[in-house]
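Quick heads-up: it's one chain on its own, the form predicted alone, in structure tokens.
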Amino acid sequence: MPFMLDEFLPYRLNVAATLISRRFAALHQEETGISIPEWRVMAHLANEGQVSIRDIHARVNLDKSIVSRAAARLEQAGHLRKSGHMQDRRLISLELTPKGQDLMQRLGEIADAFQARLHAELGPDAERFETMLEQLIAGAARDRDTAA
């Protein structure tokens, strides 16, 4: 039996994630001008406070160079500021500015509405889907930690 890529769960999850991410980006990009990587950097900073590019790279699953470019664009736009890292002088810490916090407030509203739409699309299966997704993520994290 030949390998069927369209039936391979990791491939299907990746396609779904990409398509859903693009749908979300289409909702917020026109209003905010923020790209997908910029959104992820801002969301991480909003949740974690002051962190390094290395920390963001590990959390948001983007290459360091993509995170660095997104951070540079956000800094240029006045949404974040860079400073020396308190524990490791080789690292740069990032944090949202008040302007960035205001934008993140609006992005959070857009994200909440989009998530509600996704839950509505899933209907009564939304909670079970969330549970199964958490199981897949936890299993992948265990595999990653075991390999490290």
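Here the structure is a predicted model, which is why all the values come from computation and not from measurement. One rule holds for the numbers: they count along the sequence shown, beginning at 1.
Not on display, but discussed next: the form predicted in complex with another copy of the chain.
Taking non-hydrogen atoms only, A43 approaches another copy of the chain to within 4.5 angstroms in the model of the complex. Taking the partner from the other structure, another copy of the chain in the model of the complex has no heavy atom within 4.5 Å of any heavy atom of L91. In the model of the complex, another copy of the chain sits beyond 4.5 Å of every heavy atom of Q101. At a distance threshold of 4.5 angstroms between non-hydrogen atoms, E31 is out of contact with another copy of the chain in the model of the complex. Looking at 1-31, the residues that come within 4.5 Å of another copy of the chain in the model of the complex, counting any heavy atom, are P2, F3, M4, L5, D6, E7, F8, L9, P10, Y11, R12, L13, N14, V15, A16, A17, T18, L19, I20, S21, R23, F24.
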